[in-house]
Ligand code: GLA
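Consider the single chain below, provided in structure tokens and representing the form predicted on its own.
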Amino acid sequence: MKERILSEFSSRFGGTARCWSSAGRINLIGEHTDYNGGYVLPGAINKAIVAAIRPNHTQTVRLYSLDYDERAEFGLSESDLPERQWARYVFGVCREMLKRGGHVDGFDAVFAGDVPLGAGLSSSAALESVFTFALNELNDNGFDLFELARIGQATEHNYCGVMCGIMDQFASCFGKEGQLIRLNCKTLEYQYFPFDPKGYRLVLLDTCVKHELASSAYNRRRASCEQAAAVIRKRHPEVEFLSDARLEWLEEVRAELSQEDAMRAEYVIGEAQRVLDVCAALERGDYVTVGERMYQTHWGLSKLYEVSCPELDFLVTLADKQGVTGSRVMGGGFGGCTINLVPEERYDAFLLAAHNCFTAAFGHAPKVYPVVISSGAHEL
């Protein structure tokens, strides 16, 4: 991919350029915990966006997206917001750096990637991170990794209309080969855990489904969690976020909660413990326990949090029948991908069964994305 991008750069702008890469990400476990002050466990993957970038000594940015076969050009003032949505990610990075006292000069860039769009692998964070890393170095701004992640997050908030958490940008910036990162979403403390699943493969199955109720349903669940935390806090003032609570504290107040709020809280509190269980299992190389917790998370998301859908439940049930060690919906739910930890000897049979059975049930095959935990943003 690097050679193809550099060739395109040369034909469009002449000469050569430096290249950077930034990865998409998976989240092994820890879903709907970010806004509840809990843990997530993401890792960068071997699917990335690569950009060739060279300063042009003007105040104009000239971009070409190889994948979209589209170009964009804009200045660096707030009023120069480009029309194309993909260009706004790059514009936002420039503006957020300038707001923080950084220096950004005009540049020429060509980029492309193999992070699947719309699959929940955070292609947008990869795009932001490749430019934050490059512009930080090219302009000697000296921002640390945390600030680069915040710049990407603020780009989403202020220029792309997505009020996301920091997990995606964090994983793109901090990712290491063969390591998952446990991030405390309340304190932003983090710790690396080994992910070396010898005898297993990690693969995503994309249902190619996205249900429309996701945004309103997300807001309702977030409100449920805040209501449950507020009721528990009356008895246990140390509960700042729902992930701080214990299941026995939830039982103390269950009669004071609606059934819906209690179900949401039960899932979130249980998920907080499952992340810790998985981290302990990874340290001892116990992938059977990792897989068990993945299944528990899925059915908690399906039955208690109610963010699954028939297509996702079908794939997870099939995975279990096929002897897959762990499977669950990854991401916000209502469609998207399952993430699967598959014994190597069952891998081919599982993918064949998923293709045939899912097609028979839903009229189309799931897309297949094998992934390996890899490095985050870096210069090539």
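So that there is no doubt, residue numbering starts at 1 and follows the sequence shown. Predicted model, so just to flag it, every value in this text is computed and none were measured.
If you look for the form predicted in complex with alpha-D-galactopyranose (GLA), you will not find it shown, but the lines that follow are about it.
Looking at 254 to 262, 230 to 238, 142 to 150, 167 to 175, the stretch with residues near alpha-D-galactopyranose (GLA) in the predicted complex, meaning non-hydrogen atoms within 4.5 angstroms, turns out to be 167 to 175. Not displayed here, alpha-D-galactopyranose (GLA) is approached by residue 331 to within 4.5 Å at the level of heavy atoms in the predicted complex. In the predicted complex, alpha-D-galactopyranose (GLA) lies within 4.5 Å of some heavy atom of residue 218.
At a distance threshold of 4.5 angstroms between non-hydrogen atoms, residue 35 is in contact with alpha-D-galactopyranose (GLA) in the predicted complex. When alpha-D-galactopyranose (GLA) is considered in the predicted complex, residue 42 lies well away from it, no heavy atom lying within 4.5 Å.
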